[in-house]
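We begin with a single chain expressed as structure tokens, specifically the form predicted alone.
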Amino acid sequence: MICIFGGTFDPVHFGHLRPALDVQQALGIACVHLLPCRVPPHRAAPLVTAEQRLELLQLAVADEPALEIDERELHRDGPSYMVDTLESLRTAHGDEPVCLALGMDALRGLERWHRWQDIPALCHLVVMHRPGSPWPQQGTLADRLSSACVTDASALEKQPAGCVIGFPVTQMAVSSTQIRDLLAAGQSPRYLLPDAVLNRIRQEKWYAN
């Protein structure tokens, strides 16, 4: 079973890494594939290049075999639409189960994604959430989720796509925006991201005014 977790990682921090590890352990799989996007379709362009963000991500997971990097979106022109990535994975891996890990906020915004209604046919959705977080309650998305929800991770191994499961994950009040703001203000974001990542950012003066 393959699980991907996408993001701009601008820069990567513990709020990305620990939940990804939580998902890897909850699913009982060898690794989660971190998927840095090249051109985010739903937000402003990152402040550093795709190559620089990839370098920071490589530093972050260098000693963690449970987290690997999938570079496919970095090598594709145009907006980094998740549906294109999932179709690429499906072509490469046939009927092997594919999971997309995403947070509850991303799930609630799923209907704004490009060709979002095609996504459930391409993957399982693994929703990372706080205990007690409310799921979408109304509309087309809520209907799709309610009919696809499972509670046992083993169900994901029985079909290539189509299920939805939620896992409570470690919650950290940290964001890439917060880290960028601290760096721009000349303040330290230490303990919000791996030291190797912070040291490289400081060395190159990335995100500084």
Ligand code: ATP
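Residue positions are given as counts along the sequence shown, with the first one as 1. Rigid core (definition): largest C-alpha set, two forms, superposition within 1.5 Å. Note that the structure is a prediction, hence the values are computed from the model and not measured.
Below: the form predicted together with the named molecule, not depicted.
Asks: Just one of P136, G103, P97, P120 has a heavy atom within 4.5 angstroms of the named molecule in the predicted complex, so which one?
Replies: The residue in contact is G103.
Asks: Tell me, out of S146, Q159, S175, T140, which residue has a non-hydrogen atom within 4.5 angstroms of the named molecule in the predicted complex.
Replies: None of the others qualify; the residue that does is S175.
Asks: Whether T8, R43 and H129 jointly form a contact site for the named molecule in the predicted complex is the question; each needs a heavy atom within 4.5 Å.
Replies: Yes, all three are in contact.
Asks: Quick one: does G15 come within 4.5 Å of the named molecule in the predicted complex, counting heavy atoms only?
Replies: Contact check for G15: yes, within 4.5 Å of the named molecule in the predicted complex.
Asks: I'd like to check something about H33: if you look in the predicted complex, is any of its heavy atoms closer than or equal to 4.5 Å to a heavy atom of the named molecule?
Replies: No, H33 sits far enough from the named molecule in the predicted complex that none of its heavy atoms falls within 4.5 Å.
Asks: Would R180 count as a contact of the named molecule in the predicted complex, using a 4.5 angstroms cut-off between non-hydrogen atoms?
Replies: R180: contacts the named molecule in the predicted complex.
Asks: I need the one stretch from 24-32, 65-73, 166-174, 146-154 whose residues put non-hydrogen atoms within 4.5 angstroms of the named molecule in the predicted complex.
Replies: Contact-bearing stretch, as computed: 166-174.
Asks: Using the arrangement in the predicted complex, list in sequence order the residues of 58-94 with any heavy atom within 4.5 angstroms of the named molecule.
Replies: None of them.
Asks: Superposing on the rigid core, do we see a C-alpha displacement of 2 Å or more at P131 between the shown form and the other one?
Replies: Yes, shifts by 2 Å or more.
Asks: Given a CA distance change of at least 3 Å, are G132 and A26 closer or farther in the predicted complex?
Replies: The answer is farther, because the C-alphas of G132 and A26 separate from each other in the predicted complex by 3 Å or more.
Asks: Did H13 and S133 drift closer or farther in the predicted complex, going by a CA distance change of 3 angstroms or more?
Replies: The answer is closer, because the C-alphas of H13 and S133 approach each other in the predicted complex by 3 Å or more.
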